[in-house]
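Just the one chain here, laid out as structure tokens, in the form predicted on its own.
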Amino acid sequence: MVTVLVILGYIIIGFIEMVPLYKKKQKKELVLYSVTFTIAFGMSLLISVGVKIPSPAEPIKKIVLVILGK
């Protein structure tokens, strides 16, 4: 049931947000929003079916430490 609600929610939000971008011919914004929206939808769908998503905090911390040289 939660999965259905997630799908319906994303359909409604996607329609509300993407149609104005399409009508204003804002292609770059539409592509960026679509990519971000798709990633968020995929993660939300996985969480709704019970898949455990690992936190990105540790890899980000390691990358920052490598960049800063510590």
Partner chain sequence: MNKEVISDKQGIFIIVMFIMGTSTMLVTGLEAKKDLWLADILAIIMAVPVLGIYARLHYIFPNKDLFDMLVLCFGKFIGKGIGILYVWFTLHLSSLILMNIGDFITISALSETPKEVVKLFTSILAIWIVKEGIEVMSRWSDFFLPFMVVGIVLTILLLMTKIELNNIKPLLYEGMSPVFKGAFEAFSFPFAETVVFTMAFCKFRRKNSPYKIYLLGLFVGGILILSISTIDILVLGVNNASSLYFPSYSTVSKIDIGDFVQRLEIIAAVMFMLGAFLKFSICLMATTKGITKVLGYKGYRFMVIPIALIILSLASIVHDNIMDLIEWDQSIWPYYAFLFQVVFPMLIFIVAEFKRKYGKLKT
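Positions refer to the first chain, counted from 1. Note that the structure is predicted; figures quoted are calculated from it, not measured.
The form predicted together with the partner chain is left out here; the points below concern that form.
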Which listed residue (I11, A57, V49, V19) meets the criterion of a heavy atom within 4.5 Å of the partner chain in the predicted bound form?
A57
Answer with yes or no whether K25 is in contact with the partner chain in the predicted bound form, where contact means some heavy atom within 4.5 Å.
no
Check whether L65 has any heavy atom within 4.5 Å of a heavy atom of the partner chain in the predicted bound form, and answer yes or no.
yes
